[in-house]
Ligand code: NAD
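Coming up is one lone chain in structure tokens, specifically the form predicted alone.
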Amino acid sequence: MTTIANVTVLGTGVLGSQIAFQTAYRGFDVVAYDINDDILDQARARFADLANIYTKDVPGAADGPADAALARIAYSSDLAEAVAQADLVIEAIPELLDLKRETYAALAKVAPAKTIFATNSSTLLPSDLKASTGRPDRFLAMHFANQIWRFNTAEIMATDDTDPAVFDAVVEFATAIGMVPIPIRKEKAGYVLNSLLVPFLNAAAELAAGGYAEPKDVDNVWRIATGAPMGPFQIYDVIGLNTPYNILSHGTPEEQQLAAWLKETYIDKGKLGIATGEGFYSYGK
């Protein structure tokens, strides 16, 4: 049985909201933190949408647990207040190294000594961040996949400083919220999932940005030839284009060119993926 009871999620974007809602759905008290009340109002609407999705897609959710989850989520734009009772803080803010370091430095000043910190960073190594946490022995990575209620993995990766008991506690917590924990024994940028997924998505972007094939045709050939349920550009839309853009914009010159293509062709036009109703595809919102 997990020793973690109170959880704070920093960041209420697409994945942060999913992590918070799934945690509350499995019976934990959750505080959703973001930087201002306007963003938290958007989060409330996002949580309501998730309750509807769970009611339709998750067996048993229509009998009340989805609505009960909403009641377990509190909201705060005050960092000290948000983490005052936290046994675990899961950070799910944008994939920007300096921003994450600044956030952990602020968090270290106000979180109780007992609190475990976990980053949901999709590509950064936890050792890139541990010095900012003030508690490297109680810090690790815990990476979730988008559409958490369907693709329920939690990749858990320690640094050389992480207390093994903390690692084990987070593995137990992942199981308690309905995830399949994937322990990663050595630090690896991209973990398991993104070590496979990011090169795949980049290759697809190169084909479209280079004018070789349209996104829908790239998706068609992948689905038909492999039997996969989604093509790479459908996956981009599920993830949301901002995260791939942030990753690419800090990469090689070639990757920065792909970032510029994403920004100019899609992001600047408000086409960010399913969350905004349009990305590479239109979703009729």
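A residue's number is simply how far along the shown sequence it sits, counting from 1. Being a predicted model, the structure only gives us computed values, none of them experimental.
The form predicted in complex with this ligand exists for this protein as well; it is not shown, and the discussion that follows is about that form.
Engineer: Can you work out whether Phe144 and this ligand are in contact in the model of the complex, taking contact to mean some heavy atom pair no more than 4.5 Å apart?
Structural biologist: Taking the distances in the model of the complex, the answer for Phe144 is yes, it comes within 4.5 Å of this ligand.
Engineer: Is there any non-hydrogen atom of Ala62 lying within 4.5 Å of this ligand in the model of the complex?
Structural biologist: Ala62: no, not in contact with this ligand in the model of the complex.
Engineer: At 4.5 Å between heavy atoms, is Thr115 in contact with this ligand in the model of the complex?
Structural biologist: Residue-level check for Thr115: no, no contact with this ligand.
Engineer: Taking heavy atoms and a 4.5 Å cut-off, does Glu95 contact this ligand in the model of the complex?
Structural biologist: Yes, Glu95 is a contact residue.
Engineer: Report the stretch among 215 to 223, 35 to 43, 64 to 72, 229 to 237 that approaches this ligand in the model of the complex to within 4.5 Å, counting heavy atoms only.
Structural biologist: It is 35 to 43 that comes within 4.5 Å of the partner.
Engineer: Going through 117 to 136 from first to last, which residues have a non-hydrogen atom within 4.5 Å of this ligand in the model of the complex?
Structural biologist: Residues within 4.5 Å: Asn120, Ser121, Ser122.
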